[in-house]
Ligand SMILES: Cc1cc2nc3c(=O)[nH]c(=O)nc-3n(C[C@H](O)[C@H](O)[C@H](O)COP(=O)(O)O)c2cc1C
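The chain below stands alone, shown as structure tokens; this is the form predicted on its own.
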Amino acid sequence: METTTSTIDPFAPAQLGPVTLRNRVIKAATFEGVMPDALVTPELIEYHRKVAAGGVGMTTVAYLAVSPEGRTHAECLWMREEAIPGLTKLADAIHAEGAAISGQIGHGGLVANAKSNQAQSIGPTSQFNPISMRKTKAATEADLTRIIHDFANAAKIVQRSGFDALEIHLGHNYLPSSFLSPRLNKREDRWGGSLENRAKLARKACEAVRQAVGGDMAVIAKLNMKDAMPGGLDIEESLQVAQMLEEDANLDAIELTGGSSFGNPMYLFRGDAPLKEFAATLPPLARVGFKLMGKKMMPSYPFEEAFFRKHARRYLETLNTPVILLGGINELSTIRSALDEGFAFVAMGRALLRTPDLINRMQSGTQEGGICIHCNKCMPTIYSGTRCVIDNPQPIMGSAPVA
């Protein structure tokens, strides 16, 4: 793919598959932590309404589990008929502010908390899960057939609720990502071994989603470039997976990410690791273990602007599919240069969490960049309502440590 040398206006309308966004900035999926009954709440609507009113082209609702056992924990919204009225109300609120809305759908797999969900977690192979302190089971053929169907069913629910786009979660060692990982996938059947076999679940999930929604919705895949774990997926294999997905022709864009919620979450966030704050959210026994192992589980990575950009450039060189750049984007100058380089859109998370109307401020010329300091103390607030604790120290919802 040739990179453009012309200056692209980040605030002009842009096409994402069949959907026209009012600009090229997408609110990235960041778990909101305000669904105690695993359904839409007024707090969830307000969370996304603020960034929609603040000027983004599209906001992404996270994380919508396709199956009950695929929830990261019990308060994670999962896709069933009961969810449709709330999702519809959410979509209407975002559209009223002039923005589009996307739903991130996925299956937690190894990242799912079986104890909290009261449902057996599933992975490529059976292994101990430190999140729930239980063993996951190896997915059977029947499990995988059902889960692929669940992706399709979830996509239909999101579509019926009036959303404009879907983001399929293929990263962070959630279920499809764990199948991609040579470290986590030790299967010897048709779902393991070669990269083509390990990519089968991701490809079939994308195919099922596209077939379910047809051509009326934009379909995005969020793909790991690197797991950042020894023996995990690396960029060379990830590039091949991206080419497979492009050949399948089920996607309108690919959003690039990295890291592992199972084994190395700070690779995704960069900046300070909030070990003390995370420990405080855990039950007593898990808290002791985390205090002993926390620095190894959550090593700090220095923050730098657009930290995934260097690796993501290789996908621009390889693919014709539009690429969305994610990872530490704060400055208007970064947005402009990324678009000029050939990225179709940029996705922003923490900068908008602190300043929901940042895009309006950028467009009006009153502010050139975000004021997030990358302390990452927002991360543990997923259990009491995700927020910037500098500006909003009080919980949005009742604090609920993972069971």
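Numbering starts at 1 and runs along the sequence shown. Quantities reported herein were computed from a predicted structural model and do not represent experimental measurements.
Only in words, not in the display: the form predicted in complex with the ligand, which the text now covers.
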Answer among 359-367, 337-345, 36-44, 60-68 for heavy atoms within 4.5 Å of the ligand in the model of the complex: the stretch 60-68
Note: exactly one of Ala155, Leu326, Ile94, Ile220 sits with a heavy atom within 4.5 Å of the ligand in the model of the complex, namely Leu326
The one residue among Arg198, His107, His73, His172 placing a heavy atom within 4.5 Å of the ligand in the model of the complex is His172
Check: Looking at the partner-bound form in the model of the complex, is Asn117 within 4.5 Å of the ligand by any heavy atom?
Finding: no
Answer with yes or no whether Ser238 is in contact with the ligand in the model of the complex, where contact means some heavy atom within 4.5 Å. no
Considering non-hydrogen atoms and a 4.5 Å limit, does the ligand approach Thr386 in the model of the complex? yes
* Even though the ligand is not shown here, does Ala52 get within 4.5 Å of it in the model of the complex, heavy atoms only? -> no
In sequence order, the residues of 22-60 that place a heavy atom within 4.5 Å of the ligand in the model of the complex are Ala28, Ala29, Thr30, Phe31
